[in-house]
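Listed next as structure tokens is one chain, alone, in the form predicted on its own.
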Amino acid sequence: MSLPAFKLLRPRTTAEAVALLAQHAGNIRILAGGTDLLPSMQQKLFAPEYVLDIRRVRELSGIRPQPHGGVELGALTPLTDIEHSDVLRQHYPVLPEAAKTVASPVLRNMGTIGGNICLDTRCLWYNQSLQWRKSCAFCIKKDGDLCHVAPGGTRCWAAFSGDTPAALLCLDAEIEIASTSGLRCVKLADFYTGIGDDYRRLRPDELLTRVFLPASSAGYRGAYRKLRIRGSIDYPLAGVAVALKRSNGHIEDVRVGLTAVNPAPALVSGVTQLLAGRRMTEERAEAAGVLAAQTAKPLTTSALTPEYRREMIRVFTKQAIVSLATERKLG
């Protein structure tokens, strides 16, 4: 499948990039790594007149520990760098654990943390060729007025399927967004809407520039479990991130984030109250898995059944919590 015709714009600074976004708002797409955008353009899901290639904006790359604690990540930082960062592996291990599961090494070399945060929602009925979608009378997310996942409804249920946002939610991350009006910082949890065809709070003239990991989230152990059919290229069909802190043989705090089973990545509420201050037991880990499964709302957005994906959320959550609560810390 060929790409549609477009004009390529290549800014060298953030100020130049947001000026171009404002000038062409509504008819422009941002190219960071291109691992999701370009296949979608080949499928004719997007046909912008302009493509903004921001890869030359050097100020948007890098992993920078902050003087008073915490870490700043440039939005253009490759997922490979996230995966192998000594700073992140030591202080925020759940994020490298999630990053290393994204597709293959080649795609992680190209894909960026900002692109993974802004990843378009996916659905069995949406991520298809133009001819395939046309034969099904299209869908609410693109060119139609019917949701094939929930017929009769008026809401799009396409699933958010980025790996790293579930981990970032566990770390209470914030993001910086730039426009010609200036900068604004928002909690990552407030960035997503939970609506499949309007899934993020990012205006057409805005650019995600940085990610901030707070000092208060450093020191948590981390694990990420992912369900997919083909390990080298597939997006998650169910993903669980867990960040856990222990103290004197007890669980001090635990956070569980989900992806690929809702239109937005989500934190599981109630897990901290269930486990904090207690020793790990099989029953408590099972109860946490049940809470996670209840938070997951998968529908028929993939080839695997919703029931199986929800069950794997339970299993992954239990496995990750047990492994983190019982592992011996090295060093």
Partner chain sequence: MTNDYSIIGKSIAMVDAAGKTTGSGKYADDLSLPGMLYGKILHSPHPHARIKSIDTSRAERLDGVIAVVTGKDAPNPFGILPVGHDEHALALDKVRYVGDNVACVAAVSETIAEKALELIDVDYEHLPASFDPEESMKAETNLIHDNKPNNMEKDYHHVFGDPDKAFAEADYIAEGRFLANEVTHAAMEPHCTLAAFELDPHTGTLGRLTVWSSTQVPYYLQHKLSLVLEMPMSQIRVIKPLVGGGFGGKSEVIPIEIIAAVAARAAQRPVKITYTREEVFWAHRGRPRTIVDLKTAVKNDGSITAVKARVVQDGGAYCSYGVVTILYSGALLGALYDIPNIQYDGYRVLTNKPACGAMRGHGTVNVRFAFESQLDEIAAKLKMDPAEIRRRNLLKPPCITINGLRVQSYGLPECIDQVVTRSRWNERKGKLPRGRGLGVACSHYVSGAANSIIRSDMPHSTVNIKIDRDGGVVIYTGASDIGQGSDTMVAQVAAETLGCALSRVKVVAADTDLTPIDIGSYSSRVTFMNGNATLRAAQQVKKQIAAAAAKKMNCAPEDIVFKNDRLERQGLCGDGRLARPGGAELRSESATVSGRVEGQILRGSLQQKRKDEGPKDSITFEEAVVAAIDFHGALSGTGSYTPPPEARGGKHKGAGVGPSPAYSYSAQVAEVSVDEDTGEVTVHKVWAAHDCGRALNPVSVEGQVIGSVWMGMGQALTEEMIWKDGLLMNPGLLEYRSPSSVDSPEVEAIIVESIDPEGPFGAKEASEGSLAATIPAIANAIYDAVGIRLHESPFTPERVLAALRAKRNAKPLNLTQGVDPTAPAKFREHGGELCFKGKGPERHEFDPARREAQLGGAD
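Positions refer to the first chain, counted from 1. As the structure is a prediction and not an experimental result, all values here were calculated from the model.
From this point on, the text means the form predicted in complex with its partner chain, which you will not see here.
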Item checked: Among the candidates 181, 193, 232, 247, the residue which, in the predicted complex, approaches its partner chain to within 4.5 Å (heavy atoms) -> 232
Margin query: To verify the annotation, which of these, 220, 125, 199, 157, has a non-hydrogen atom within 4.5 Å of its partner chain in the predicted complex?
Written below: 125
Check: Heavy atoms within 4.5 Å of its partner chain in the predicted complex: does residue 145 have any?
Finding: yes
Checklist line | Contact test in the predicted complex: residue 294 vs its partner chain, heavy atoms, 4.5 Å | finding: no
Next item on the list: Consider residue 272 of the chain shown here, and say whether it contacts its partner chain in the predicted complex, taking contact as heavy atoms within 4.5 Å.
Entry: no
Item checked: Contact flag, residue 106 vs its partner chain in the predicted complex, heavy atom cut 4.5 Å -> no
Next item on the list: Choose from 70-78, 223-231, 201-209, 249-257 the stretch whose residues reach within 4.5 Å of its partner chain in the predicted complex, heavy atoms counted.
Entry: 223-231
Note to self: What I'd like checked is whether 136, 151 and 237 together line its partner chain in the predicted complex, meaning each has a non-hydrogen atom within 4.5 Å of it.
What the structure shows: yes
Margin query: Only counting heavy atoms and a 4.5 Å limit, does any residue of 38-60 reach its partner chain in the predicted complex, and if so which ones?
Written below: 44
